[in-house]
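One chain is shown next in structure tokens, namely the form predicted on its own.
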Amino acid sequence: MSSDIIDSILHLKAQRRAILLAHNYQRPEVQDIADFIGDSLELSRKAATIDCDVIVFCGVHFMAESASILSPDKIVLLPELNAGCPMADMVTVSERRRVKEHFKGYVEQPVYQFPHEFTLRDMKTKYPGVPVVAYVNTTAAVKAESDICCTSANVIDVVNSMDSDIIISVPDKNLSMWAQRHSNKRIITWDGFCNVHDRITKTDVVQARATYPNAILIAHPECPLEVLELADHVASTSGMIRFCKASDQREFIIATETGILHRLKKDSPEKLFHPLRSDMVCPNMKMTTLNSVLKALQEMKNIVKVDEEIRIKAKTALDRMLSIK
């Protein structure tokens, strides 16, 4: 049955002049059929260079928005339109709303946090003239309201490149605290987090090391600071893949969403990879199936298109980031 679905996808892909992009956290079978696999911005930048009419982004909503920002003349399809990112939804430009889940706060200074009934414009009003660094895991509207974007790989370089001694960073408090560890600037951060990474604890690290004593631990910077400080290496998803492939080490504990293990094992079949916790699964990332990819190509309905005024401003923030050497 799956072979029939794959054949149909490949037929429609050729017919529509489409490319398939899959984030590193996607289901294995979705990754296997993709033309390109990677992190969100990496994929969007790649798609912008490809001669195609349609981009099928197997990921979550803000990723499809990024593809639309960089490829405005192409049709961007999101197979599961309801696949969102809770962390991206934790910061809004002007809409005041409370996030239902209880958020634990850190007391460590000099990182300052704000309640979720705050908006980005509220924060900018409270700190006039302070530049805003927006993680790529944000909506296009938030990017457009920001001065510059960052990724989990370059957040430290972006923060340190700013002329101001004070920086507003949204939305991930853990990524901001990691940047604060490597910067003399004062970072004012939103109290957002990734629902997959934030629940990891120091105890999880201790238990994993006891279970796999010969493995080295690699953690994503969306993890809490207490976890990052115990890691042997901190990297983005693409950074993890490069590091593991190049390393002489044979065994690794991976502190990020479990979907990445599929690619790690394919790229380095001779090595062993263990999830820090087996329940590090993002339900939104797993919403996309082969069936939903097929349906998107058949119906051409789940189109994600960023308004041109927002797109231009958001692209400016992305371009500023990309100009940093």
Ligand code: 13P
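A residue's number is simply how far along the shown sequence it sits, counting from 1. The structure presented is a predicted model; accordingly, all values stated were derived computationally and were not measured.
Below: the form predicted in complex with this ligand, not depicted.
*Asks:* Tell me which of 297-305, 311-319, 5-13, 18-26 has residues with heavy atoms within 4.5 angstroms of this ligand in the model of the complex?
*Replies:* Only one stretch qualifies here: 18-26.
*Asks:* How about residue 152 - does it come within 4.5 Å of this ligand in the model of the complex, if we only consider non-hydrogen atoms?
*Replies:* So residue 152 counts as contacting this ligand.
*Asks:* Given that the partner is absent here, does residue 146 sit within 4.5 Å of this ligand in the model of the complex, heavy atoms only?
*Replies:* Residue-level check for residue 146: no, no contact with this ligand.
*Asks:* Could you tell me if residue 139 has a non-hydrogen atom within 4.5 Å of this ligand in the model of the complex?
*Replies:* Because no heavy atom of residue 139 falls inside 4.5 Å of this ligand in the model of the complex, the answer is no.
*Asks:* Would residue 92 count as touching this ligand in the model of the complex under a 4.5 Å heavy atom rule?
*Replies:* Although this ligand is absent here, residue 92 would stay clear of it in the model of the complex, with no heavy atoms inside 4.5 Å.
*Asks:* In the model of the complex, which residues of 228-266 put a heavy atom within 4.5 Å of this ligand?
*Replies:* The stretch touches the partner through 236, 237.
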